[in-house]
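Presented as structure tokens, the chain that follows is alone, the form predicted on its own.
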Amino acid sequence: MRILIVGAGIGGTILANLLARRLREDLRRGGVTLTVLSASPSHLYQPGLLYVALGEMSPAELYRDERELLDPLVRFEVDPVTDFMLDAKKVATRSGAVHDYDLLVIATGSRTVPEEVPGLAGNAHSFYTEDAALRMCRAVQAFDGGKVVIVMGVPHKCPMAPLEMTFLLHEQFVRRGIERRVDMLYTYPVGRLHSIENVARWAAVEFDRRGIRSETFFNLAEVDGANRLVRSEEGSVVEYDLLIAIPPHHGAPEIERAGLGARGWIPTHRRHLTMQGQDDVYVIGDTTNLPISKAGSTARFQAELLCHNIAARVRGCSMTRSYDGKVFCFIETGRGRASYASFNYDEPPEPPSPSRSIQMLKTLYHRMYWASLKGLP
């Protein structure tokens, strides 16, 4: 049995390590091969980019060698996939190699596409890549007062990150003693502060406590950098001195080029995590088109389920588990406190009041991230 994982982000890495543990004897005997193909030799701790943008972490703290994170029984190659030939059960890579598979897992993640909004790329700051986070850090440190506007492209991954960034940016202005010279405006595309109703209600209370203004039904149309204006599809025009953006996201470009899914999101069975019409192809993490948050915890929960089901198939059994849409996201609120949102397809979240104890749990998660990639509890 040849198992091929394309992508070495959090989902692909955890799944590979869990399968290596579950199928150890099969791998040692050679009855099973487990291969991971990646575009990079390094693994990036993506949540840390927010802290780089706020000057609280350095980029060097966010990277580890991917080979060292993977179980020795996992074959690892830095050779990005350029073509998917699903009918032939093959993928082609940049080097010209062709890999055959019996079971394929696509874990190619997502990317920002600020160019979709005219003027956004050259005038707004964000924190979804290392370069963008460093530029935002310099801009925030140089900012000494004025209008800060937070704008939202859709869809985007890590749905709690815009709230966290807003809270932590406000906290930084308070620490620097300039909060009275800062007018913060948070915009959102729908008629509330978050796509999840309970999170939106919770966030409204927290915004009121800090004096953060908001405008809903604000869908980005364009940014006029020369006049420092943002226009919405609804006709609103907002002035800014510092513009922070959550850029719209697409799936990986190779997924779009292969025509596997609109905008790079692969149609995925909501319970089995198989690609629609391809029972031997699984999809994990940001790459799915499922109506759930694109977050690291989503990928982890999916990896745990897929490990059980793939191992069952290797041994000639049927799938044993069904994905329920489980997501868990911390929400750091500043002042040494945090909250969280835990939910699935059927049960909405109920974020508790921010507390120091929840903040301690988030800090612990940061420290345990690298161990968690190895499939440790």
Ligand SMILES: Cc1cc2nc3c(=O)[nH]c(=O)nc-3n(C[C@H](O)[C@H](O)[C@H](O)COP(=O)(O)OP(=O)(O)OC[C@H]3O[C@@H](n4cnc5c(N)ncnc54)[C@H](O)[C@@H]3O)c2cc1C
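All values derive from a computational prediction rather than experimental measurement. So that there is no doubt, residue numbering starts at 1 and follows the sequence shown.
Another form, the form predicted together with the named molecule, is not on view; read the next lines as being about it.
Residue heavy atoms within 4.5 Å of the named molecule in the predicted complex occur in exactly one stretch of 215-223, 252-260, 194-202, 169-177, and that stretch is 252-260. Taking a 4.5 Å heavy atom cutoff to the named molecule in the predicted complex, the contact residue among 322, 344, 40, 33 is 40. Checking 158, 306, 149, 105 against the named molecule in the predicted complex, a heavy atom within 4.5 Å turns up for just one residue: 158. Taking the partner from elsewhere, residue 189 is found to have every heavy atom lying beyond 4.5 Å of the named molecule in the predicted complex.
When contacts are judged by a 4.5 Å heavy atom cut-off, residue 49 counts as touching the named molecule in the predicted complex.
Proximity of residue 282 to the named molecule in the predicted complex falls outside the 4.5 Å heavy atom cutoff. By the criterion of a heavy atom within 4.5 Å, residue 232 is excluded from the residues contacting the named molecule in the predicted complex. Of the residues in 1-34, those that come within 4.5 Å of the named molecule in the predicted complex through at least one heavy atom are, in sequence order, 6, 7, 8, 9, 10, 11, 12.
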